[in-house]
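Starting off, we have a lone chain in the form predicted alone, written out as structure tokens.
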């Protein structure tokens, strides 16, 4: 049994944070809320999403797992007007999810959870450097870096966060001192990352008031941010090897 009501825009933003990496996921639902863990097909990036029960206007469930096609779910959620709620109800007998948006009702066929790629084990990394900045500012920097290269270096040096992108002709360097950041935990950090993945992630994190980046030297990048107050998103992106 699963029945819930939530703001459609909030749910859409949460689902888009996951669908930037994968198309099909398993929803693990308990009385505490909804959780998703997934890894992209190339095993380069992971995402974990937690929607606490407090994010819903109504939430009642028994522990269960369902497989969902995020592309089709996002199509349905796109029909909602700003400020509108969406009603979700599981039809266990027919293995479908009933979705109500205003006067519209939709029935989404579910996927067998066992047919979906196994959830990844999210590694517990103790990364030395932490940087917190507005999501919009980070997205703008990523968009700028895309104009000169397909990869970017992220790092921390002394009391500043920096981003470097070098192409065949052009280059970009961004420096943000600690006084202009929302938070900084200094540490040795410098790693190279794919801009394709960062661009996909930035579509969601660009809407966040605060985004925290956790980094090391040639270590994965961990990105943490919230959608509203009760939805937590975490990305983990593997580094590329710098060529001499």
Partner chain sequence: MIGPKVKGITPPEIFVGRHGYPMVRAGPVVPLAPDAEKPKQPSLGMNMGEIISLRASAVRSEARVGVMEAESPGKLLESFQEIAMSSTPVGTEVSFLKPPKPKLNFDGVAAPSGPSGEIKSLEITTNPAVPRKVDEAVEEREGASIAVGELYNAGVGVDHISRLISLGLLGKERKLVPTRWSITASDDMLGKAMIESIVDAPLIGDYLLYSGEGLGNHFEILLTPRPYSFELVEIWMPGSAWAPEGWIVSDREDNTGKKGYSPLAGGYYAARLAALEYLAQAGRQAGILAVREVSRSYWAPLGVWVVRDAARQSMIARPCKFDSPKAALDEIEKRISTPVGKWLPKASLLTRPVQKSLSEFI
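Source: prediction; values computed, not measured. Positions refer to the first chain, counted from 1.
Just so you know, the form predicted in complex with the partner chain exists too; it's not on screen, but the next bit is about it.
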For a quick test of understanding: in the predicted complex, does each of 22, 25 and 115 have a heavy atom within 4.5 Å of the partner chain?
no
Looking at 210, 218, 65, 54, which has any heavy atom no more than 4.5 Å from the partner chain in the predicted complex?
218
The one residue among 176, 192, 184, 49 placing a heavy atom within 4.5 Å of the partner chain in the predicted complex is 192
4.5 Å heavy atom contact, residue 230 and the partner chain in the predicted complex:
no
Should residue 198 be classed as touching the partner chain in the predicted complex when contacts are defined as heavy atoms within 4.5 Å?
no
Please tell me whether any heavy atom belonging to residue 241 falls inside 4.5 Å of a heavy atom of the partner chain, as the geometry stands in the predicted complex.
yes
Applying a 4.5 Å heavy atom distance criterion, does residue 82 contact the partner chain in the predicted complex?
no
Looking at 73 to 81, 92 to 100, 117 to 125, 130 to 138, which stretch has residues with any non-hydrogen atom within 4.5 Å of the partner chain in the predicted complex?
117 to 125
Residues within stretch 146 to 173 having a non-hydrogen atom within 4.5 Å of the partner chain in the predicted complex:
150, 151
